[in-house]
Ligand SMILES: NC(=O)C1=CN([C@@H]2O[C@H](COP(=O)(O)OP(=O)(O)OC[C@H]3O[C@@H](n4cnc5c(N)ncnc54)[C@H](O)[C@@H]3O)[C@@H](O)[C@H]2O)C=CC1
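Next up: a single chain in structure tokens, the form predicted alone.
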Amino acid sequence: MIVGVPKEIKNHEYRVGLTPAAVQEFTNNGHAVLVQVNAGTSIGFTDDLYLAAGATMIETPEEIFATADMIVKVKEPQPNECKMLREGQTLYTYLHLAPDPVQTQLLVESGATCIAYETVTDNRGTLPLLAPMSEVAGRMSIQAGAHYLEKANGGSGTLLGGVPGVAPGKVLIIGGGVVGLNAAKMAMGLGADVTILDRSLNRLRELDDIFEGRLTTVFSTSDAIDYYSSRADLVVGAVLVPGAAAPKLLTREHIKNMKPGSVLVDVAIDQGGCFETSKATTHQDPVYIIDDVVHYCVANMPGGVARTSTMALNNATLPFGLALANKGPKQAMLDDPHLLNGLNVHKGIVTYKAVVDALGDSLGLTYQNAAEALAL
């Protein structure tokens, strides 16, 4: 198989689909890998390292898209990239289609086979290709929140850890999954007063055990969100409905009742955001203020620590990518139901129900089971 790795083009996105070590694995398995010139240079993965791993360096993305059988990326393809995809080609990357009708329509029109990292599953019922970036984003959410709580950055001037004689800042984390757990670890490490809301009692018990009762776990209701958000200095939105648009759990009214200079970090922004006032921002222009509350809604948060993120992501995506290359996409997915769950679009058909539920009416989409679509 010819595997193509174009340079990412989203604002301040420095991650790359394959590391040189991952390229070496593909070439060792007999595949050709085309990497765009300077695709990883900014994070220390030089063209020379890719050449040493057996890659062929290509100047333009157009040549990569025109030649490769499988495109491996990090972020969802931008409109001009979508238009370069073709039927019979495989796209392997994050997609986040439910809140993105433009990308969804373009991928349907391309006829390509589009596999989303964020909906691939495993035997434990978790999302192994989303988890590494959720770990990074969860940890970064506290780092970013602490930064924007500083007065010069628009915040209230609160130090999350406090000091002797001064109470620590209050952190509210909505959602106790991978993002929430990692956000809690960082916030606890800084000495903050941490509360986690979740609707799973079993998960709240697990979190209570993990942190040995040193944080507050609360069953999530609208009343609890209202109470704890109004007292928080930093609120982290960490909810996830796999493949679907995020629910709006913090309303405009909640935000009006928050303390002036408090900070919201919406980690769910890739799926549309879980705060009513959320809109995607970039690393270049990361925050805006509504009702005296600082909103940090960067849609590619892990891109801020691109080297760490790229290596963590490749650790998870490489085994599935090799299976796609070694067996061919169709056979690889038929052999592995967890990889099959990653299929979102195939030959103009949307094969992930949550996407159709979100966009079907507006785009005229109909849902077809992934296995049935592959048989076409």
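Quick caveat, the model's predicted, so the values are computed rather than measured. Sequential numbering from 1, following the sequence displayed.
The same protein also has a form predicted together with the ligand, omitted here; what follows describes it.
Contact annotation for G155: none of its heavy atoms lies within 4.5 Å of the ligand in the predicted complex. Remark: T217 does not count among the residues lining the ligand in the predicted complex, judged by a heavy atom distance of 4.5 Å or less. Using a 4.5 angstroms threshold between heavy atoms, K279 stays clear of the ligand in the predicted complex.
At a distance threshold of 4.5 angstroms between non-hydrogen atoms, P128 is out of contact with the ligand in the predicted complex. With the ligand left out of view, the stretch that reaches within 4.5 Å of it through heavy atoms in the predicted complex is, among 253-261, 81-89, 169-177, 183-191, 169-177. Site annotation in the predicted complex: the residue of V293, L107, V298, A146 reaching within 4.5 Å of the ligand with a heavy atom is V298. With the partner omitted from this view, the residue of L97, I115, L234, A137 that lies near the ligand in the predicted complex is A137 [heavy atom within 4.5 Å].
Candidate site formed by S200, V239 and D270: every one of these residues places a non-hydrogen atom within 4.5 angstroms of the ligand in the predicted complex.
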